[in-house]
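Only one chain comes next, encoded as structure tokens, the form predicted on its own.
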């Protein structure tokens, strides 16, 4: 079995240690000879990388490990680039959330105006990384987790149509993991799902067990009572914003009772309630900074200080397992069925062929083969058409440097009440993002 060389781009991400741990746990099914980290923030990356070096030395000393800020060193001789950029880090995420909330509009990192702002920051660096990969390792695959995945996917479709990039998101599989626990199954892989939509904007139409038994009604019964919340395990504490999104599944089921909605749809279909329940001074970004960010860096500093990771709390997760499952399918032709963000090209018959949709695909050594979805109902089609227009206008605004197109994109978002409010938000976002966005005219 061929051994692989993996580059984690965005090595300073708090998710990096989890991906490294998952690579080590899957070493028999997905053998690697080299793991590299790449980030443009040397100081931030070093804290995590030094801890990862100790983890690898203790658990798989045969694996070569390095970290760098040099693109040539990073992208040379790799088979897979696992990309997880957060351009502007959490400081900019906080502004993405708080600027729209200032105008009583949903503030969220991937949805609405905040997601558009983040997308405008992400496009350039992702395209730059694809260029590095194609220059130094032209046969590699880029597996992109970088948000907002929908806008990034549309940008790569337009700007790098022949590149070996696959855009993915862990939100559906994380929700499926919750569903599996609710159903008392061993894992989400004990379910066969049918799902369609856009990234953070989709619906499950069928969930069955591996024997073909329908599980939808059992899940709906739980959702009617308590949304997608579940009994927390000892020591498992979830931020209130996460729990609120899980509780929203109950109301989303009333809006669309024939399917199961991705909980991110709350930001579009329940925007007024979302704003009403938001703390404009302390948003999801602050929760992450105070919890996850603090915990991961503290843990990594302790590993380095102790010179050992034998008692580390860092574990594999659905997030990291999903990207490694995708790499495994590409490397070893497993023909696994996975949700990917791909060009529609007729998979959804009554929808824009050029839209980047999130649908099941069969993955093997030659890439992916989308499964046919068929026609979709008017409600879903209408919502998706509006959201696809937002994504396309955002990418066009970045390419053309167009103020008008970005104003139109924000106006088009279902989270924004009017063109006037959209302009107020846009003007604030331009000031906040002057270091990251192209100049708009």
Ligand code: NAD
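Numbering follows the first chain given and starts at 1. Keep in mind that what you see is a predicted model, and the values were worked out from it rather than measured.
Beyond the structure shown, there is the form predicted together with nicotinamide-adenine-dinucleotide, which is absent from this document and is the topic of what follows.
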Q.
Heavy atoms within 4.5 Å of nicotinamide-adenine-dinucleotide in the model of the complex: which stretch in 275 to 283, 213 to 221, 249 to 257, 85 to 93 meets that?
A. 85 to 93
Q. So in the model of the complex, are 10, 147 and 169 all sitting within 4.5 Å of nicotinamide-adenine-dinucleotide, heavy atoms only?
A. yes
(Q) Can you work out which of 238, 181, 292, 160 has a heavy atom no more than 4.5 Å from nicotinamide-adenine-dinucleotide in the model of the complex? (A) 292
(Q) Which residue, 79, 325, 109, 318, is the contact with nicotinamide-adenine-dinucleotide in the model of the complex, using a 4.5 Å heavy atom cutoff? (A) 109
Q) Does nicotinamide-adenine-dinucleotide come within 4.5 Å of any heavy atom of residue 360 in the model of the complex? A) no
Q. Using 4.5 Å between non-hydrogen atoms, is residue 39 touching nicotinamide-adenine-dinucleotide in the model of the complex?
A. yes
Q.
How about residue 44 - does it come within 4.5 Å of nicotinamide-adenine-dinucleotide in the model of the complex, if we only consider non-hydrogen atoms?
A. yes
Q) Does nicotinamide-adenine-dinucleotide get within 4.5 angstroms of any non-hydrogen atom of residue 22 in the model of the complex? A) no
Q) Relative to nicotinamide-adenine-dinucleotide in the model of the complex, which residues of 101 to 129 have a heavy atom no more than 4.5 Å away? A) 109, 118, 125
